[in-house]
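The chain that follows stands alone, in the form predicted on its own, written as structure tokens.
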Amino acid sequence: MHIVILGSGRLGSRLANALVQKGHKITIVDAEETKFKNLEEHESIQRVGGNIFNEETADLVFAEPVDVFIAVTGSDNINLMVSQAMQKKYKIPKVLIRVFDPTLSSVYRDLGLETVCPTNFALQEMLKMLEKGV
């Protein structure tokens, strides 16, 4: 699959490195090119520095058909806005969005977007750990 990842921080770069090892073609986009430092050197990882809201950058990123778009910047609002806009404009079949705010995550999940909320994951894990120890 061709997967585009927005955000090359800790999660985005680890995700890109893991997915390329599974045979996927990755395009990773970040406004700060210094964040590409944690990416492995691999012919199937394309790095694009720039703002995805810039039409020229977006057209470069989505020049080839994309199967999955994953937004993992540090901003819920950016992740949600970009995901909705790119899914609609480029007809991307699957979009995954990291959302820190559990309330926003629920709202957008109810609207049909697939969200992952680290706050909810941490909450569930901590509750499980406490239940085992109590």
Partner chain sequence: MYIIIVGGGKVGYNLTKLLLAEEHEVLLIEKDKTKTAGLAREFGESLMEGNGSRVSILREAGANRADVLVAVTGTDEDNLVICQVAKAVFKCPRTIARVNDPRNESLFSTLGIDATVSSTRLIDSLIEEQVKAEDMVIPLVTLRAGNVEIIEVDLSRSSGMMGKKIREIQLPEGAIFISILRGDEVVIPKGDTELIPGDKVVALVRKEAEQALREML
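All values derive from a computational prediction rather than experimental measurement. Positions refer to the first chain, counted from 1.
The next section is about a form of this same protein that is not shown, the form predicted in complex with the partner chain.
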query	finding
Stretch from 32 to 40, 47 to 55, 90 to 98, 63 to 71 whose residues place a heavy atom within 4.5 Å of the partner chain in the model of the complex	47 to 55
Partner proximity in the model of the complex: Ile26 to the partner chain, non-hydrogen atom cutoff 4.5 Å	no
Partner contact for Leu111 in the model of the complex: the partner chain, 4.5 angstroms, heavy atom	yes
Residues of stretch 70 to 90 in contact with the partner chain in the model of the complex (4.5 Å, non-hydrogen atom)	Asn77, Ile78, Leu80, Met81, Gln84, Ala85, Lys88
